[in-house]
Ligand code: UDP
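For reference, the chain that follows is the form predicted alone, supplied as structure tokens.
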Amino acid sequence: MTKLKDYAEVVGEDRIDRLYELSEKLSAKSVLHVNSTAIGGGVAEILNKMVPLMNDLGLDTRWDVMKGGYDFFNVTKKFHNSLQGAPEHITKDMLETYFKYNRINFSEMNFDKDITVIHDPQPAAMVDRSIDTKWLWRCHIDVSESMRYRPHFELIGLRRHIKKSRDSQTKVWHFLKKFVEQYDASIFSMASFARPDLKIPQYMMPPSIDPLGEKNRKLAESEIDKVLDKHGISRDKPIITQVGRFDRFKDPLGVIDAYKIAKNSVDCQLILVGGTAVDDPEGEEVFKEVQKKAAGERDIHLIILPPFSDVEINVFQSVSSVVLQKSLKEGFGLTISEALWKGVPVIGGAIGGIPSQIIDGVTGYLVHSTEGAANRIAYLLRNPDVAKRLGENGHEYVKEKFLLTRHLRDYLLIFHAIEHPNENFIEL
């Protein structure tokens, strides 16, 4: 198992020493993390790395995963869609289902730590102020009031669609807010994701990647060849890749359209890599739509990977000429930092957490349309020197901003902050 000291080779001894200093001043606090899935998705991936490192620092840390049936995860998926701006019909029975599963899980869990970190909306209603713990709500998605989700509005009437989106978003948020405001503080990935109507402290903490993990380490050529051979992919033409769940907000259909436009001017191939998660019941349906759109295209490779396929994801990103994250709504999109860490330029939608990773024209390109994505793909394939420069810049930017050690430092600082409520300055 990777130890904290192993990261010194990447970030330097000084930064590791500071982490130990910060943890010593927390007087051996204990921490509980709770989320909705042990595998699949960025939250579970981060916790798999973060929890052992917190224990390595002397913080007694445990990670519990809530249980839920299809009915619960169907509701929370609708919550997720609504909060991110898609119109969903939320019924009273759905709200009752959500609350029922939260209370069941609450009764089966032991909230015996000094600090309890509840991740995202799924378990948000577990908060109970009668328990002697500091409650933190860590929200990984964009729950702001902005309405940037616009696909297909022209087909059904723009104004009516926006009103339905706002109505469902408001209903879900007001339902969740009565629980969230019982927490000691909230944590968002970006300042723009925060809610001005929340009356509790709000902290900003971007997520991170693990530079020493299987998904981000340097690969041997033999490992790369083995994975490419397994999936029938050659390197005889440039590779464009997008990694992420088969989710409408990731816009896999738009990715295929952008690829087809770009391919008209520069011959290339596309890899769409996705996985599954128990809390995302729509994934299979979206994948079928993607299959239908990609039918007959020999240079489009659709790949569903099981959990913990980190080496394969590493390979696909590492051999790519360009990586896409053409999301329509995005909490953060760590696949961007993963690709930049490997020196690959990224083209992403100018929404959510993507602009915090892609500095337009410096580490990649931000786009607002399918045509814009296609133009940037073709440009980078025709100008490999530009692509190389963007990738090199991206690697250095991720090293400074989005590695696991910085994420751990932020957690420690927030733990200090909640121990000193109403203080503007804390001397450590």
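Residues carry their position along the shown sequence, with the first being 1. Just so we're clear, the structure is a prediction, and the values are computed from it rather than from any experiment.
Keep in mind that the form predicted together with the named molecule is not shown, yet the notes after this line are about it.
- Checking 326-334, 287-295, 105-113, 128-136 against the named molecule in the predicted complex, the stretch whose residues place heavy atoms within 4.5 Å of it is 326-334.
- The closest non-hydrogen atom of Glu45 lies within 4.5 Å of the named molecule in the predicted complex.
- A residue is said to contact a partner when one of its heavy atoms sits within 4.5 Å of a partner heavy atom; Val243 meets this definition for the named molecule in the predicted complex.
- In the predicted complex, Leu95 stays away from the named molecule, with no heavy atom inside 4.5 Å.
- Contact annotation for Leu83: none of its heavy atoms lies within 4.5 Å of the named molecule in the predicted complex.
- Gly274 is the sole member of Gly283, Gly274, Pro211, Pro238 with a non-hydrogen atom lying within 4.5 angstroms of the named molecule in the predicted complex.
- With the partner omitted here, the residue from Val227, Leu302, Ile90, Ile313 that has a non-hydrogen atom within 4.5 angstroms of the named molecule in the predicted complex is Ile313.
- Not one of Lys78, Pro121 and Arg248 places a heavy atom within 4.5 Å of the named molecule in the predicted complex.
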